[in-house]
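Provided below as structure tokens are two forms of one protein chain, presented individually as structure 1 and structure 2.
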Structure 1
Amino acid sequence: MPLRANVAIIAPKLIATAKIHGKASAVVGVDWQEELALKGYWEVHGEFPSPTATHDALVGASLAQSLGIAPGQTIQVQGQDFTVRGVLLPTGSDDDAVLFAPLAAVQTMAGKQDQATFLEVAALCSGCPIEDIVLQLQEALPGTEVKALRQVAESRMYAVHFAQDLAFYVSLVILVTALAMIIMSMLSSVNERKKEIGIMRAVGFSRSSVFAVFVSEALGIGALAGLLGYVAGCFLATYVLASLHLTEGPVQLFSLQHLLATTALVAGAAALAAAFPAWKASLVEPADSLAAV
């Protein structure tokens, strides 16, 4: 491999599952010396294992919290005892939910001697030809899949942006559908209340007053819907985040500013949708509506 001098770190990993405190968890076997050099951004509560340690472990933040594991504690994994040297501070990645243990110990535990699930390779140099390194690794390791971290990050960001765009367009369709339902409901209400409108016009209500009555009704209903929808959304989002273990500790999603903005937006949209039915109501003539009484 011509560019092998640009490869600074090769960190093998073996992924297995095991029961820890009676709960099935992911265990990742690592070479401590290579892994700690690769993950220089890690911060830990406690201490890092020695590069030559054979039964030391690191536990991700969310896994440690769910299992009640603390630094210095001895845990048993598939019949092997490991000393937890530290608990990783939250990283926002999959590292938060796994146990890191020596590669040889995990290979023995999983019955996969001299095997690895994947290798992380770091080229710690400025302006390294990443694409060329990827191609040369593929040639040197036939039958394996080699991906640059940048490509993985780009694919993940594409997925995130796609989900955001999808949520936006779905919300837009729901909003348009809701506005159409408001228009149809208000038109039906105007037709059913023609006699009432005629009486209002007969006792002195102007066209603008009738228009204001219907718009105000829609405005009030919209404000109530926005208020209840925001509160329900906060509770539902909190429950979903907790169920999927996407956050650490309690999450404060409620915001008075967002509540007011949401209420005002929904109320304004409802009033706008009610403008046409309200205009139709203002055109009702007292004589025409009272003729059938």
Structure 2
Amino acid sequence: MPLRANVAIIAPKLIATAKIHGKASAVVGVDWQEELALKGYWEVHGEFPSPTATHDALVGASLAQSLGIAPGQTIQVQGQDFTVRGVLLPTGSDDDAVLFAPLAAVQTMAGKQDQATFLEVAALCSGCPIEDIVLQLQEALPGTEVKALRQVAESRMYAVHFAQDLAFYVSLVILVTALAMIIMSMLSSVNERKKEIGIMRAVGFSRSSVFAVFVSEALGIGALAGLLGYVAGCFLATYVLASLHLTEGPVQLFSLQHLLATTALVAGAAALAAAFPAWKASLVEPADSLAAV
């Protein structure tokens, strides 16, 4: 059964890049009437462009901030003047970083008359058979990739969750490996320092005091490692972000709260890992360890 009746909005888009105020930026050509109907959740500082306007523009929040663009301003894009009617309030999506302009103007600017990069189709109904609509669109538009937004969102969320899970499990493996290394290293240290432990016990250190000596050593080393690790991580991340050009300008990565939390966490983990070796150290008999020297 044809489902054409369910299709409420068809919003074509052409994506191009252009220099705005000397900076390469993404420009999205839209049909204002369709776009504004589709993006009913948009909020704007200023006003929305008139549906029939040919040279009105809307600017995403972060792009407006980085270029210093305000509503009412006229900007030049590839030789064409556009009047910025409004600046979108942050949406948390890609819309924040682009300039929206009339589709025809962008097609002319990009030299792609009557072309679109993609079409957004909205089916305004409850319980629509989205998969069937996608199927019928694929049949009607052979050679075109048709995807339900939900599928796209699910696909993106899957990618995001996969990356998060991967990062979590890699971190977990690194943490477990680090703890195992601390345990091995501390056990080795206990073996090497049996004489020292024997001396401590001989001069009156209790078993709990010996335990405290080793755990406090691990705590101190762990705190130092956490501190240096956090600082080194900040420097490395800043360098990597800068070299990949993923951000605009310097990024503030350092946070005192994160530093303290990292230091405390690593110190705590090191102390926890040192508990077993420290317990072994506390069992060292002074007479045996001193006689063995």
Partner chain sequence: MQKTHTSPFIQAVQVSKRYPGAVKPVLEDVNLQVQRGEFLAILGRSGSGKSTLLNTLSSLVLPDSGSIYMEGTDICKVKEKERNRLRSHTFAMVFQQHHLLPYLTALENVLLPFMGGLGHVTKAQRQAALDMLENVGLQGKENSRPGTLSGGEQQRVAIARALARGAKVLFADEPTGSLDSVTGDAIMQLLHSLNKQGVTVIMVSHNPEYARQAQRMVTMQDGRIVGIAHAPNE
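Here, residue number means position along structure 1's sequence, counting from 1. So that the term is clear: the rigid core is the largest set of C-alpha atoms that superpose within 1.5 Å between two forms. Small disclaimer: the values here were computed from a predicted structure and weren't measured.
Which structure would you label as the form predicted in complex with the partner chain, 1 or 2?
Structure 2 is the one predicted in complex with the partner chain.
For a quick test of reading the superposition: does F48 move by 2 Å or more at the CA between structures 1 and 2, rigid core aligned?
No.
Quick one: core overlaid, is D95 moving 2 Å or more at the Cα between structures 1 and 2?
Moves: no, less than 2 Å.
Would you say F211 moves its Cα by 2 Å or more between structures 1 and 2, aligning on the core?
Comparing the forms between structures 1 and 2, which are aligned on their rigid core, F211 does shift its C-alpha by 2 Å or more.
Distance moved by the C234 C-alpha between structures 1 and 2 (core-aligned, Å)
Value for C234 between structures 1 and 2: 7.8 Å of C-alpha shift.
S282: how big is its Cα shift between structures 1 and 2, in Å, with the core superposed?
For S282, the C-alpha ends up 2.8 Å from its position in the other form.
For Q257, what C-alpha shift in Å is seen between structures 1 and 2 once the core is overlaid?
Displacement of the alpha carbon, after core fit: 8.8 Å.
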